[in-house]
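Given next, in structure tokens, is a single chain: the form predicted alone.
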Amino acid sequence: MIDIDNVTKQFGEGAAAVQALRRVSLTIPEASFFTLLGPSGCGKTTLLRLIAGFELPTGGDIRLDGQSIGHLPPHHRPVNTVFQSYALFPHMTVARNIGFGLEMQGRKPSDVAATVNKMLTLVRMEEYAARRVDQLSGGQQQRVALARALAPHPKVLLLDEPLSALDLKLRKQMQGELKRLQAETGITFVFVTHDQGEALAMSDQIAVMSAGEVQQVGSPEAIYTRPRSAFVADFIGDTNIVPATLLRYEGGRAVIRFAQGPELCANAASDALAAGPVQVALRPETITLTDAADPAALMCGTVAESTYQGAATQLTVRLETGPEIRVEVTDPPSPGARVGIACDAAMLQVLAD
């Protein structure tokens, strides 16, 4: 649906210039829920605004359904945006808010009424049609904003951190609602967030961004279990970055060894890394604690801290080689206990950088 080809965006000139996007290329599939994920200032909202037409690219091209749209103003693009603040008309009813854009397009009153009713049903707000939006809760206002944006049936719906103003319970509820709306309408959703949990729960594909560049694109499972870089591994969920030595490659996998323990075959983000020191991503929930004398232990250390988190307890284990790692277990040993660290090699990921 959307091809972003070598796009750059610079704000300002000379010494004051800020490079917001650096040669970004992406393909966003049709009828998908695609998320731009990254920390504040990484360029994700700038990229969304370029797709919407609120900003123009400094270089590169943006194509929607095969047509270049980089030069088109926002109202000539088959794209709608749901803003973080919702931008509803407080003096209008829910129904008028949803139908206003259709009226401005010159649609017949009967068509507008039919579409409004359809959208009210879609977002489950039928009983609030005559209520003013300033009389609604935050979650209800968001549903109205979604209905208004979906009413013209755009090819693409852009969502700029629309859940950030909601409390945690409502955010979880609305995640499911957004996913349902995307599936029922078949419209391509492009969602911007800095919340890793939101991205993993809702997306068909995720583009992780940092410093104006795309670090990795993939499914939530691929991004979580097969991060390419230390940045992606550290940003997506909780992870340990542990030094190891790359010995060689066998059958497309990396043969590594930690400071202690046996050789093992791990997944590798690249098959072009030179033998020598590498970084390995190890998720806390994939670790098993063993006896420190167990020959299968990859590393040994001492439990330094224990934090109860309900379903599991997170331990901080100080390795004998120096660094600390985090481990999630349900039957934790006491602080001060000496333990071995074991893990299925299939859960290890050698990082490319």
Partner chain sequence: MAAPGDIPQAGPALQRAQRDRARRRKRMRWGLLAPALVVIGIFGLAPLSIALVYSFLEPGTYGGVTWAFSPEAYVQFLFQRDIFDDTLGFNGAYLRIFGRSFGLALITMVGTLVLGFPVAYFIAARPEQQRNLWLFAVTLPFWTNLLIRTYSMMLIVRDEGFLNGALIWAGVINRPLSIIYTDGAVLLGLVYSYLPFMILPIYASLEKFDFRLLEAAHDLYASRVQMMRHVALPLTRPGIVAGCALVLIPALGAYITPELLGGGKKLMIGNMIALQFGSGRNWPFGSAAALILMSIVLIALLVSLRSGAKPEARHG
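A quick note: this is a predicted structure, and the numbers were derived from the prediction, not measured. Residue numbers count along the first chain shown, from 1. For clarity, a rigid core is taken as the largest C-alpha set superposing within 1.5 Å between two forms.
Keep in mind that the form predicted together with the partner chain is not shown, yet the notes after this line are about it.
Taken together, Ser229, Gly237 and Arg283 are entirely out of contact with the partner chain in the predicted complex: none brings a heavy atom within 4.5 Å. The stretch from 286 to 294, 315 to 323, 23 to 31, 50 to 58 that comes within 4.5 Å of the partner chain in the predicted complex, counting heavy atoms only, is 50 to 58.
Contact annotation: of the candidates Arg171, Arg124, Arg96, Arg180, the single residue with a non-hydrogen atom within 4.5 angstroms of the partner chain in the predicted complex is Arg96. A heavy atom within 4.5 Å of the partner chain in the predicted complex is found for one listed residue only; from Pro78, Gly138, Gly218, Pro243, this is Pro78. For Tyr249, no non-hydrogen atom is located within 4.5 Å of the partner chain in the predicted complex, even though that partner is not displayed. Within this chain, Gly197 is remote from the site of the partner chain in the predicted complex, having no heavy atom within 4.5 Å. Contact check for Met104: a non-hydrogen atom falls within 4.5 Å of the partner chain in the predicted complex.
Interface residue remark: Ala87 is counted as part of the site for the partner chain in the predicted complex, having a heavy atom within 4.5 Å. Along 151 to 171, a non-hydrogen atom within 4.5 Å of the partner chain in the predicted complex is carried by Pro152, Pro154, in order along the sequence.
Superposition of the core reveals a Cα shift of less than 2 Å for Gly176 between the shown form and the other one.
With the core held fixed between the shown form and the other one, Met104 has its Cα displaced by at least 2 Å. In a rigid-core overlay of the protein, Arg131 has its C-alpha displaced by at least 2 Å between the shown form and the other one.
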